[in-house]
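Only one chain is shown below, in structure tokens, and it's the form predicted on its own.
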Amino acid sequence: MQRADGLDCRGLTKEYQGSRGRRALDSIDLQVPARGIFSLIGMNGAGKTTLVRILATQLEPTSGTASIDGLDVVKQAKALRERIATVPQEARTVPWMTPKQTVLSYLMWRGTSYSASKAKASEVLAKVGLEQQEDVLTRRLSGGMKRKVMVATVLASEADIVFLDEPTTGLDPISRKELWAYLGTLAKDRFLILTTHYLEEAEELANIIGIMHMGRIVGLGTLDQLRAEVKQQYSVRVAAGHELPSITDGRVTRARSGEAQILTTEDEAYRLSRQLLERGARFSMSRVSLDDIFFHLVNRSDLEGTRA
């Protein structure tokens, strides 16, 4: 299986008609080694799906360039399509087909023989936990199981670049973790580009994480590199409407909702916690997690945008 060398975006911009100047993607520069799992996280409307659709050759950018393994997503789209497989957010199963028929037909469409497709379909459906349902009509399956069928379909292919747009939406926690284990195995010899709303999913799976907000990349790197961006390793989150104690060592970021985040040292975090308890304030204290990093970078971006 051929391995991709890198994902490269330069000034990548997408503006939809009627958007009144608001860009879905705003001059994105992005260089990521094409190995393992690259996860894009962000709120609804951040631009994750637009970026994935452009990279998967389903949508053309307004300006800028993007390439994977040196193949331009616009100029060399045909060559790139031969190496990719995609589970879009809106993907749906065919109601009158079984999971096995769905995967088998997709593999045959990609050029795999009938016998090889049949064996591969059963193998992959078992790995995503659908071995008992492989011959059940998909219209009889739950929403989560239907999503598993769509994921199994592209994972069964020999594509070395796989796009997964929120693949675990609708799955129960056990099924989600089973799929995580399978994706981790596949990432050893493929490049997976994954979008997700679940921050713990990105934290668990991703080699590189990209944090998107308002069409821009506001954070990029390994989890350790993103942690280094915030420097202090303790987070105190204080609900809106509460006055903050005096802070001797730390940085404060506020969300539009009024919630405040204080990034600080362990000693200062405990001192602030005691004062907040005495005041009856609603707050939480923890070591810095991806959720805390996300909060800080997104709200810092909003603040910088306001100042600009």
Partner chain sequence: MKPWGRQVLASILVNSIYEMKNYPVVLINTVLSPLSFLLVIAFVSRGQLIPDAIEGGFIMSMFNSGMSLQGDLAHLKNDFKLQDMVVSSPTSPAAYVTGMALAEVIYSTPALAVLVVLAAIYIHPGVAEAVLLVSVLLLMFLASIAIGYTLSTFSSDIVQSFAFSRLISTLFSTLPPVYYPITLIPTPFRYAAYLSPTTYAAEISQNAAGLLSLSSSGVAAAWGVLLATTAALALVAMKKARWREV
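Please read these numbers as outputs of a predicted model, since none were measured by experiment. Numbering follows the first chain given and starts at 1.
There is another form of the same protein, the form predicted together with its partner chain; it is not shown, and what comes next is about it.
Undergrad: Taking its partner chain in the predicted complex as the reference, which of Arg139, Lys231, His197, Lys177 has a non-hydrogen atom within 4.5 Å?
TA: The option sitting close enough to the partner is Arg139.
Undergrad: With its partner chain left out of view, which of Ala181, Ala119, Ala126, Ala77 would have a heavy atom within 4.5 Å of it in the predicted complex?
TA: Residue within 4.5 Å of the partner: Ala77.
Undergrad: Sort through 31-39, 251-259, 238-246, 59-67 and report the only stretch with a non-hydrogen atom within 4.5 Å of its partner chain in the predicted complex.
TA: Stretch with heavy atoms near the partner: 59-67.
Undergrad: Wondering, does Ile84 line up within 4.5 Å of its partner chain in the predicted complex on heavy atoms?
TA: Yes, Ile84 is a contact residue.
Undergrad: Please run the contact check for Val73 against its partner chain in the predicted complex: heavy atoms, 4.5 angstroms, yes or no?
TA: Yes, Val73 is a contact residue.
Undergrad: Please run the contact check for Arg53 against its partner chain in the predicted complex: heavy atoms, 4.5 angstroms, yes or no?
TA: Yes, contact at 4.5 Å.
Undergrad: Ala187 near its partner chain in the predicted complex, any heavy atom under 4.5 Å?
TA: Although its partner chain is absent here, Ala187 would stay clear of it in the predicted complex, with no heavy atoms inside 4.5 Å.
Undergrad: Lys14, Thr112 and Thr153: each with a heavy atom within 4.5 Å of its partner chain in the predicted complex?
TA: Contact check passed for all of Lys14, Thr112 and Thr153.
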